[in-house]
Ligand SMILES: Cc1ncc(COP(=O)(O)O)c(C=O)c1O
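Encoded as structure tokens, the following chain is the form predicted alone, with no partner shown.
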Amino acid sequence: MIVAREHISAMAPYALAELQPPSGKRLVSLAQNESALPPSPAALMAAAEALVDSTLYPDPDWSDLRRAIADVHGLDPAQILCGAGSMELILCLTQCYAGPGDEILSSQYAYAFFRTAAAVAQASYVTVPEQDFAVSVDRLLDAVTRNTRVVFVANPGNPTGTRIANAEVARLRHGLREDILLVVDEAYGEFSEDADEPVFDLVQQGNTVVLRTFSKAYGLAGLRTGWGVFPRGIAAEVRKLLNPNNVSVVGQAACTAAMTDQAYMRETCRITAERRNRFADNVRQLGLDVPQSSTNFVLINFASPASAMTASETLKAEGIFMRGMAGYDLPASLRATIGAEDDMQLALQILSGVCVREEI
């Protein structure tokens, strides 16, 4: 019998959201941080028009897409790489710059795929405690060892929703050795209060990568397209590991149009933020703790794991699915994606009933 390599066999499958509503109930998915609004009409039109070219392989250089990204963000197209979601870029970066005997450093509640990528590369994954559900730069710097090769920071964070100031990210970079790669995952960067002041300038130091995605603010999760800004030398190495046809014809066309329609994206973020803040305030009034979020979701902290489980099961009985956080060592927490206003009101009503019964 053929068996997988030992380190692969030892890995747990990446945990996916449970999305099976009871019979007769409409599925309300508040579990996967998908956009509350549809994509830009321009993106939908571009996708439909691109289908006629589906007999052809996609542009391996993502030429139009890279130019659109560069024009919007004032970047050099040659420093932009695109992936099948930012997950492909994370995995390839890890395989490129870490291996057995190396350490990958991140924070306590960092995006779970960082751990998966480290396991694939056979590198050790080290985390440090967060402070008030936020990344601590001082604790990261204190945890650096001679074996540290890569530091991953999700800013804003997932599943916490919190963010640290760009000045803190810069302080982290300046405090790291030059031979340590810093990867800043800004999957939710467009939702941040200072979204117009990104940390792309750190890339010019030659040892920092900044990642973004079209899955969240642009509402194109189903097209699996991410991108990042890379130092030229790192881009050349990582590109060797990327599938040369990783972003489909339709994906490139839709994402190019979505990037060009910045007004629509900003309005999506504005509406989402208003809905998020209203929902978070209402949940806090129920006596539950909700950290300040800079994303399209909130983390709801209950009094106990049992209370979180009761809330989750009560929501599921009505077809509403939030994401349990036990896999992040947060068994008393649920992560709630911001969805349609009616769905958020229904979720709030159910949570209110749970809190009354549980006397939270």
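Just count from 1 along the sequence shown to find any residue number. Here the structure is a predicted model, which means the values were calculated and not measured.
The protein also exists as the form predicted together with the ligand; that form is not presented, and the subsequent description refers to it.
With a cut-off of 4.5 Å between heavy atoms, is Gly189 one of the residues that contacts the ligand in the model of the complex? It does not: once the ligand is placed as it appears in the model of the complex, Gly189 has no heavy atom within 4.5 Å of it.
Contact between Pro198 and the ligand in the model of the complex at 4.5 Å, heavy atoms? Outside the cut-off, so no.
Considering non-hydrogen atoms and a 4.5 Å limit, does the ligand approach Thr160 in the model of the complex? Outside the cut-off, so no.
Give a yes/no on whether Ala257 approaches the ligand to within 4.5 Å in the model of the complex, heavy atoms considered. Outside the cut-off, so no.
Quick one: of Arg224, Arg239, Arg278, Arg171, which gets a non-hydrogen atom within 4.5 angstroms of the ligand in the model of the complex? The option sitting close enough to the partner is Arg224.
Of these, Ala154, Val209, Ile104, Val247, which has a heavy atom no more than 4.5 Å from the ligand in the model of the complex? Selected option: Ala154.
Interface segment, criterion being heavy atoms within 4.5 Å of the ligand in the model of the complex, picked from 128-136, 199-207, 266-274, 83-91: Correct option: 83-91.
Hey, which residues along 161-185 are within 4.5 angstroms of the ligand in the model of the complex, non-hydrogen atoms only? Just Asp185.
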